[in-house]
Every structure is written in C-alpha cells, then in structure tokens.
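Below, in structure tokens: the form predicted on its own, a single chain.
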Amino acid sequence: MEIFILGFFALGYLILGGADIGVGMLLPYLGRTAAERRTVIAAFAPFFLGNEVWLVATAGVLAGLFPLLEGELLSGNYLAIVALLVGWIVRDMGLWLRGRMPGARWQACWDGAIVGGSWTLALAWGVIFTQILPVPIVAAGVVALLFAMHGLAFAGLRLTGELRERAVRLTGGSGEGRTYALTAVALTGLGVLAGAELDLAHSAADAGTLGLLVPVMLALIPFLVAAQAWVWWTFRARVTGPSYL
C-alpha cells in the first residue's frame, strides 16, 4: 500500500505540475506581448500552488514511509535536487512579483525568472530521471521537451484565439485534449519506469511506522483529490484575458 501512495502522489505531480512547468518554459513563444504573457500566465496561475502540494506530499511520503530511499535519492542527486529547488523558488518568485509593480523592465525581469525557473525545473527532473533510469544524460533534454509538449497541450485547453493556435501549432494538430492525454501517459510511464528501478520494497519504513502513517496518508487522499477537482471546476472556463497575476 505504501508503494501505491508514493506512486499516486508522484505521478499526480508529474501530470499536474508538469503542465504549468511546460507552459512557463514556452512563455516567450506563447505570449509575444506583455498583455499576451499575462493571459498565458492566467491560464495556469490558479493551479500551480495546488499542483505543488502534490510535490510536497510526495516528499512527505518519501520522508515518512521510505526514509532510506529518501536519503539515497537526496545524496545521489544532490546537485539536481538543489537545481530543482532553485528553479522552483525562482519560478514562483516570478509569478508572484511580476505584477506587483508597473514597468516593462520589471515585468520582463520576472518573466525571465518564470521561463528560466521552469526550464531549470524541467531539466532538473530530467537529470534525476537519468540518474535513476539506465539512460544517458542527454535524455534529460528529452524529458524537458516532454514537459514542454505537455504544457503546450494544457495551454491549448485553457486559451482561445491566436494564443490557442500557437499552442496547438507545435503539437501536430491532433487536438489539445488528445495531446494532453498522450503526454500525461508518457509522464506516467516515465514515473512508473523510474519507480521500477528503485528498491521500494526493501527501503520502506518499519512496520510500526507504516501502520501509523499509511492510514493517515490514505485518509488525506480524498481531501486532496476533492480540492483539486474543486479548483479545476472553479476555473474550468477558457482564459480570454489577463485576469490573474
């Protein structure tokens, strides 16, 4: 059961968080003007904090249910983990600060933080996957491109008009819904393959800890899913203007 809990949170983050990371990576392509960039950011801004909860939950599950594995992953991927945290902080600073003051230079600075932070996040995940899976480091770039494609599909689902056309133009014209589903499956497969390479069965916490924490984690899952569904339902309409941040 503890393996299911870890997979649930980790895969949930890759699918949900991967979308806003991908949109941030392609912000200059999707938004050519300041107003367009605000609209593109509005497409994922209501979701990114909720998506990050899945990453925090994944880290909590690792620390509580797989303490040995947590130590191995942190020590074995120290530089990638640091890069991931730096990218995460820089990206979020850009999202919070770009609208706090007027001025083209101010907003361009924080737009750069969003883009740079998003690329750093995607590449850091790529490096982590290459450390777990038996693939060359160049595969980190492929993982980053997968995040970007997932973000394009998400942007196609959220935007309208020319902005939507730009998003779907690079995804092969197969439909943003189908592309989102395919990239979600690809990210899920990547996560499952990485999990299969880890010695999860022998790195779990002792039976007493599992008996205490597993029921708590299972009880939290319905609340997290319900909150996520509520956010998606509330912001289900396509974005037509710079309405957020």
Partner chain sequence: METVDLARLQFALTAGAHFLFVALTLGLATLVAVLQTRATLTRSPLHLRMTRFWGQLYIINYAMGIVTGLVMEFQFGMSWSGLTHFAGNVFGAALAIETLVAFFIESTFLGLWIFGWDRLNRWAHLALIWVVTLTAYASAFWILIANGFLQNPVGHRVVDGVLQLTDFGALTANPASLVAFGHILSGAMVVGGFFMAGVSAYHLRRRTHEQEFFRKSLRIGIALALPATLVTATFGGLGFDTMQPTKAAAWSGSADELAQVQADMVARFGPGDYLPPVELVRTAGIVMMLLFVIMFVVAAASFLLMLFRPAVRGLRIWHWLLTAMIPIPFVTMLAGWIFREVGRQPWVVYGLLTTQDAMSHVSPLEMRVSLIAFSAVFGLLIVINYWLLARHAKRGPDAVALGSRPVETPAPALTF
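Residue numbers count along the first chain shown, from 1. These numbers come from a predicted model, not from an experiment.
The next section is about a form of this same protein that is not shown, the form predicted together with the partner chain.
S.K.: Taking heavy atoms and a 4.5 Å cut-off, does G7 contact the partner chain in the model of the complex?
M.R.: Judged by the heavy-atom cut-off of 4.5 Å, G7 is well away from the partner chain in the model of the complex.
S.K.: So, W54 and the partner chain: in the model of the complex, are they within 4.5 Å at any heavy atom pair?
M.R.: The answer is yes: W54 has a heavy atom within 4.5 Å of the partner chain.
S.K.: Give a yes or no for T188: in the model of the complex, does one of its heavy atoms lie within 4.5 Å of a heavy atom belonging to the partner chain?
M.R.: Output for T188 is no: heavy atoms all beyond 4.5 Å of the partner chain.
S.K.: Taking the shortest heavy atom distance, is A45 within 4.5 Å of the partner chain in the model of the complex?
M.R.: Flag for A45 set to yes.
S.K.: Report the stretch among 67 to 75, 162 to 170, 145 to 153, 131 to 139 that approaches the partner chain in the model of the complex to within 4.5 Å, counting heavy atoms only.
M.R.: Only one stretch passes the 4.5 Å heavy-atom test: 67 to 75.
S.K.: At 4.5 angstroms, heavy atoms only, are I81, L224 and A227 all close to the partner chain in the model of the complex?
M.R.: Yes.
S.K.: Only one of A196, A219, A201, L49 has a non-hydrogen atom within 4.5 angstroms of the partner chain in the model of the complex; which is it?
M.R.: Contact residue from the list: L49.
S.K.: Though the partner is not shown here, which residues of 194 to 216 have a heavy atom within 4.5 Å of the partner chain in the model of the complex?
M.R.: If the 4.5 Å heavy-atom criterion is applied to the partner chain in the model of the complex, 194 to 216 yields A205, D206, T209, L212, L213.
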